[in-house]
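First, one chain by itself: the form predicted alone, in structure tokens.
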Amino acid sequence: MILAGAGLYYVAHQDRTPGPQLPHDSTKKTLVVLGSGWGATSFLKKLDTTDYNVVVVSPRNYFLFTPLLPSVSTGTLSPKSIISSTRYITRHKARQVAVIEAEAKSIDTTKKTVTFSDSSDIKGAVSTTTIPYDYLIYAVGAETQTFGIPGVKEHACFMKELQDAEKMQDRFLDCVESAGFLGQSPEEISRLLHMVVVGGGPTGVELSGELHDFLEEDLKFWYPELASRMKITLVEALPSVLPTFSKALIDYTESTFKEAKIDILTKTMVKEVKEKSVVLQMPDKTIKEVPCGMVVWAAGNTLRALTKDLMAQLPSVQTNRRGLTVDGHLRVTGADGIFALGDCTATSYAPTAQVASQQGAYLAKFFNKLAKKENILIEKQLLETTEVPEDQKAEVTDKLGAISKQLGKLENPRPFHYSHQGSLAYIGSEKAIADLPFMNGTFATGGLATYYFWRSAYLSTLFSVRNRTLVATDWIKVKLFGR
């Protein structure tokens, strides 16, 4: 125990006290990274910054572990437990990396420049600037898709950013407290305690499960007069929830939700979100207005304005409405020096954290090899242009031959290939489901054991010892003391 504590202290101390870094080098190429999500962060972790001057531009100065965002919305986890400072990653790199908290406003593909502005509440004398780039890593992600449905932006809570989860938690507790206000009618109590989650993907399902846990493990003890009135409804336009999972796991999830008294409305479309209700188109095409206290929107992604502007600069080759078209090496078609990854691209892969993370790691490896290739070319040119004594010519010839072999290996890098590591989702009641690759097929499992596997998998995926410690501590605190 003492040794484990000492080991943890040593690792934590190393994390908190990064050593000196190489300074900015004007002879190196400038590599600008837009974003701080899964793709960008994975890229930064794997990139050897020795050969580049790296600049990171993002509206938030931290990485957010999005799969655990539903746990923050119900107080299971603290917000700080699932974020990791971008500077934590960049301060441990070999060369200094400039991290700028700002929002990219425009990209000039001809001049190869990026213009960005400070989007924070407090601004300095300079809040907008333009910088040149040699290479641009475009990883800005996507924003929530509302499908143009009236009232979604005005009245629904989203579940994409940290502030969304905190806002949902506040609104949920406000609904509970308002339901307990003296003299409230039974009809109004039922409305206030009805939570509607829109979107039957992993986020919507996990959020519904977390809300149920909050009710069963906490609210029914502190609000016994209200707990029995709480209602959770999950709305999905498709024929089933979790469409990417196997049929057996979909059925298991639906039966678990039925036991937990979570209503699932499939083949049901939202037509409008009002302040105190949601208007639904039922499977039989009838329109029904359902009173509710809160609507959480967890349905779909759409392109950011910056991505649309970038595509508009390349109208002849960027015609896919789903996102940027890239080649096998993630180079943006028609744009010199721009590489794109994650939710802003139109590929055959699902827009998941797992895909973006693997793309980031691939690109880092690609740029590490690119730098190595350029260094070898410089060495080759130097050997070819330098006069050497007669007795050393054989040695130089051998070196040039070895260099040619190295260049041959680096000449044609392999294209990106996604390796699916499985799908996980928490469904509440200390149960989780998993679709895992096994031999040439998949292995589907669900239940309590899968729930512990889900937790251990997420713990191992977190980017730092600090985050793993904080998340594990939060889970222990909730088990002992509640939310």
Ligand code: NAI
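From a predicted model like this one, the values you see are computed outputs, not experimental measurements. Start at 1 and count along the sequence shown; that's the residue number.
A second form of this protein, the form predicted together with the named molecule, is not displayed here; the remarks below concern that form.
- Residues within 4.5 angstroms of the named molecule in the model of the complex, judged by any non-hydrogen atom, belong to 294 to 302 and to none of the other stretches in 315 to 323, 72 to 80, 371 to 379, 294 to 302.
- Of the heavy atoms in I189, none are within 4.5 Å of the named molecule in the model of the complex.
- Looking at G200, you'd find a heavy atom of it within 4.5 angstroms of the named molecule in the model of the complex.
- Not displayed here, the named molecule is kept clear of A98 by more than 4.5 Å at the level of heavy atoms in the model of the complex.
- Interface membership of L173, defined by any non-hydrogen atom within 4.5 Å of the named molecule in the model of the complex, is ruled out.
- For the options A227, I264, I250, M269, the one in contact with the named molecule in the model of the complex, meaning a heavy atom within 4.5 Å, is M269.
- L238 is the sole member of A394, I131, A402, L238 with a non-hydrogen atom lying within 4.5 angstroms of the named molecule in the model of the complex.
- Residues are counted as partner-facing when one of their heavy atoms sits within 4.5 Å of the named molecule in the model of the complex; in 447 to 483 only Y458 qualifies.
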